[in-house]
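You are given structure tokens for the same protein chain in two forms, set apart as structure 1 and structure 2.
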Structure 1
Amino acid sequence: MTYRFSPEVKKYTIKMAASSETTLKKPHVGKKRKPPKRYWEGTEEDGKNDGKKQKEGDNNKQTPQQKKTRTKEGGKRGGTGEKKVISGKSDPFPGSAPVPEEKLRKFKRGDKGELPPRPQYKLRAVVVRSEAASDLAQKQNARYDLMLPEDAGFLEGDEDEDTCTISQDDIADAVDITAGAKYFNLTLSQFGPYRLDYSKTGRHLLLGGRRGHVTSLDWQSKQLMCEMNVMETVNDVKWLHSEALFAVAQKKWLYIYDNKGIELHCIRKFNDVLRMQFLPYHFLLATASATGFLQYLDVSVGKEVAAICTKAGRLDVMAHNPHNAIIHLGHSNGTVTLWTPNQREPLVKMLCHQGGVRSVAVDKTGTYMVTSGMDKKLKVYDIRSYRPLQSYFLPAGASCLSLSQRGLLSAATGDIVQVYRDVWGTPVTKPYMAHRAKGSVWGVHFCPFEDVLGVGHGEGFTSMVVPGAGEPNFDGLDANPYRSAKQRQEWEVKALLEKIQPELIGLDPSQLSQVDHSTWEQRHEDRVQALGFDPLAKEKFTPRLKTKGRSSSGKVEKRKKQVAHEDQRDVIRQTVEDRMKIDKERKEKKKKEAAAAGQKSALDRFRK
């Protein structure tokens, strides 16, 4: 019987087979099956067939000339020369699918270096294998990137409509309920203005009021983790490596609290702290104080790594480069300095503004730096060449700056927050979005992996929805917003084992993979001076003792001179080549001078 589905009736109908088709060819009831044959059981028919096959094989024997022609026709040796067949048809797209060049450039791990010379075949093989593994990882990452589920959002207005005129209420009404819930206001007018900070995963929010109010919460579910009043001025707040610990810069000293609000440490070495930055891969908390000191605290062991006197007065402008962990400080004389915990002097000193610097921000790739100053200018610099790319004039200047993961820039002027797109590309004439807060803005910060901008002002806190601000896909092994307590503990142990030492912080992180030849030569000279001889020098030739009068003093000296001359041949050949090269250059120079002297000029008529 066969099944057929008729869409008109939308029922299953069964068509019975014809009576002529139901007749059986042979009865099978009562028929005995033969046992299967074993490989050692042969019959006469098999022997005959084997003999036929042997005769056919003798007839099909080919000459070496025929074999050569066949291999040429078939292509490569051992290949059949036929195309791959899938379900009876040839595959129109053989091989693996090509990877787009943009995706490959996104996951590129740097340029390939030169291979070692042929004699170092072991090192050469290791380098080749490592480069092959790096290429494979790059291709796999590019292929997996195609399967990521989320895309970056954007805001697009109607015809003749500017996106900066769209209010947050309109956006919250237009989007779905989950995205609309990300726009909210917290009215905290009693203890403002507020500083804020988001955790690395973007899940938790930390607020610190100027008049001592400190609170931490899961802003997505609106669950309060802790809330307290420290009863003194709060200058800044900062999450540490996870949402379990946070630091508060109070009026006198630096305090460390857990997520329940319990005071764990009071660090009195860090006094009068105004701004803080945390380096997640180094477990370093960098602080800038009113006394002009830049201090580093290793939170994994609780020790002070470095205390640097910048000799630049009060330090209330601070930012850090996520690419190379360099600290950027803004000063009242219009300069921006770059610091590491390894040196007592700034690595770079840039004159950015004619007045004092008000705010500094660095993008996540470490390529661009945005500064705002008292001269009411907003400037964009390329950190690789330390040159300005764009300069914008703001009527009232920008007091707070923040850069998102997708390159959006937020600038706060009084109680107005403006968001710009692609400020380091083409010159921007109007903002992407704008919002008026309830009070004067004291801090802005983009939330990681979310299209959200947090604004701390005099009347509390505002969470803005900014489409296209956050990275749509997160790395679950590095910053997972949905991790459990057990996963957080395992991640913390792994991060501690992979902690980068502060001595490795520098302007160019790629230098860590290169060999420092000058340092090696200095170490070798120190070793030679300590030992009194060169352990890497070539040993002198000592002739082997021969019998029958062949080891007389004359013959031994003759052999020594012969070996010495062989060692000196390369040096002599190189010196001769250099001398010939110099002579050749000298002759060419003389020819050019003679040719130039032989040319007549218009002034030759005045010569006596």
Structure 2
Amino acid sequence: MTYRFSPEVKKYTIKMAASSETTLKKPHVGKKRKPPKRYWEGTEEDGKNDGKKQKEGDNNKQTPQQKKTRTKEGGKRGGTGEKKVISGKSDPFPGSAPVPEEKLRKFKRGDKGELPPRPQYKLRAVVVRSEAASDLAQKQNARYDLMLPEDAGFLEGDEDEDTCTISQDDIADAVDITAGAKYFNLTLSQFGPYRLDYSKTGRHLLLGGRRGHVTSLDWQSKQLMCEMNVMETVNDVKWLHSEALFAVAQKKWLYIYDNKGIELHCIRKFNDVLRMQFLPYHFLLATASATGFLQYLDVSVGKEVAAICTKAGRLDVMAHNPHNAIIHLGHSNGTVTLWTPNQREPLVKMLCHQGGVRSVAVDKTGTYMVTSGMDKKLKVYDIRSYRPLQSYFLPAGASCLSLSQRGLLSAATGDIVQVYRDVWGTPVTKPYMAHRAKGSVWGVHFCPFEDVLGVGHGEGFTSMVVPGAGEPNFDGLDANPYRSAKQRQEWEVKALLEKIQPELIGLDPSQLSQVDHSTWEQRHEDRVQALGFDPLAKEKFTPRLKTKGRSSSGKVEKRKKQVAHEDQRDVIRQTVEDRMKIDKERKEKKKKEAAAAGQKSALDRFRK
């Protein structure tokens, strides 16, 4: 049984608070003692089914005599009365604690549909049961969310101090040693500029220098895993599903190495690759090449899934949407195209910039896309509706973009890395943080689950501390930075078992769970065709034969009219009512306007 506070209780208590003039706005009980401030304050609950509770709450503040009668009633009611403790005190917080509304919203999955009509009682019962189960799950998730151990980082400046003026050294000094050690520079001036990639857990870093230097390391413990020079140009580097494998796009072919740096595969089908993206749940490595080909490699079985000729020239701007595994490609004519392996044509073509597109990034929830172009603009799009939200002008233009798990945007302009906060909300005027790298920046990447931004530049690599960038609480079964070798092996087996097939990639990943009406209609049509009649057709109403002249043709027609269009009546009534309402409102508005126009203002008397 779950008891919740009803809105009426709240009203009552608010009134009490106002009369006694306490500072507390919404105490939970009407007692004068000041209760401690609780985290759920200001949440609203639905008190539909807890009318009883409210009465009890009212009774709480009655005189002792009334209390006696109430307890008697409670005794009669059985289980509904509140529990009595031996001391005689009643529980000031009866029932289970309410769950904050915004937490509940976070775990909401879709809207509730309408219940099927009563005659379909079995289906109705199934729907009711499943909705109750999902409600419970949502509530329990929200409760669990309150107990997560870590809080996100933050950086606040003093009065009239911009956070973007705070240097990395200051931050490293201010925080504890382990966090401070996350700001470091690797001086690798010989083989730069560097591209980089963090593994999915955020423990491992992969660096690829333009002139052939490839190295992978456990960046927190600064342990080198492998280091080599491939003696060829390196265009891009990417971790595959775990830290045991990584892919390197070299001058001609695509190579796959293991964590010791041993070359496992040279994939000759993938030539002149410039950019790579790895789709972790599909085990797909998507590559964009200088010849204009977008290719997908299934790394679990080593097969090429799709090779699409984009006919858009050199492809050196690429991002993937983590929400639906769609690849975004930026082109030199200012368009961004969206691709799946299932279609030879782009799903969407967006004209984003007047010049060429320099960089694209998509946020974790798949809602926003940030692009930067040769026209020195930085634009934010809502990619659910393909609508521009914000447009910023950056004096130098951004060459590399990266979005963090908590929505920070890093943009590299020349040798300066700027980090912006909340670029899709209110227009941002100042960066959140800024840092000047030693060389021109070649790649930026936020480290998952850490407040760290990796910057690869001409003179090596810089690991920046960006407070508030990373998701503070990881999920141990999905990406666990602290996993042991055994755990990694088990995770790998499970992940491979639930590898999503490339055919399931589409704009809406939840489409599989929706009802397929069109197929049903088609099948029904086929069935009608095969049977020669519609098995689901409603029988036509034939009035019963009545005696004593009550079945004259006129009366029969009358009876038929009574049931005609019975199913549509409610809809028609509703629409008519709505229309009348709108008409009425319009008329009233007109009247008001007319009255306002007719009214004389106070200044009219001075007019001649």
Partner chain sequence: MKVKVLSRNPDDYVRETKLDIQRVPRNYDPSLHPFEVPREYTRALNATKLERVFSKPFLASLDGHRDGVNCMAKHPKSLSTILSGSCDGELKVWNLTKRECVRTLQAHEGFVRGMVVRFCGTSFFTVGDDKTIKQWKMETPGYGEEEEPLNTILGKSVFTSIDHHQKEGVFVTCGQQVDIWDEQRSSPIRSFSWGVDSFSCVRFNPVETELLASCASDRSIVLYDMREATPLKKVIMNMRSNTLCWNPMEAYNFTCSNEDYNLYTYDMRYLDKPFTVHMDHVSAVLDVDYSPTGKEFVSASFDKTIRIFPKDSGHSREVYHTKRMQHVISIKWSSDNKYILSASDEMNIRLWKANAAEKLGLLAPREKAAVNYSQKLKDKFQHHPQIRRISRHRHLPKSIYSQSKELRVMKEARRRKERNVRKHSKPGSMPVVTEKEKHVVTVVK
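The structure displayed is predicted, hence computed values, not measured ones. Superpose the two forms; the largest set of C-alphas matching within 1.5 Å is the rigid core. Residue indices: 1-based, along structure 1.
- Here the chain taken from the form predicted in complex with its partner chain appears as structure 2, while structure 1 comes from elsewhere.
- With the core superposed, residue 486 shows a C-alpha displacement below 2 Å between structures 1 and 2.
- In this overlay on the rigid core, residue 221 has a C-alpha that sits less than 2 Å away from its partner position between structures 1 and 2.
- A movement of the C-alpha atom of residue 407 falling short of 2 angstroms is seen between structures 1 and 2 when the two forms are aligned on their rigid core.
- With both forms fitted on their core, the C-alpha atom of residue 113 sits 3.7 Å from where it sits in the other form; this compares the forms between structures 1 and 2.
- Core-superposed comparison between structures 1 and 2: residue 523 shows a Cα shift of 6.6 Å.
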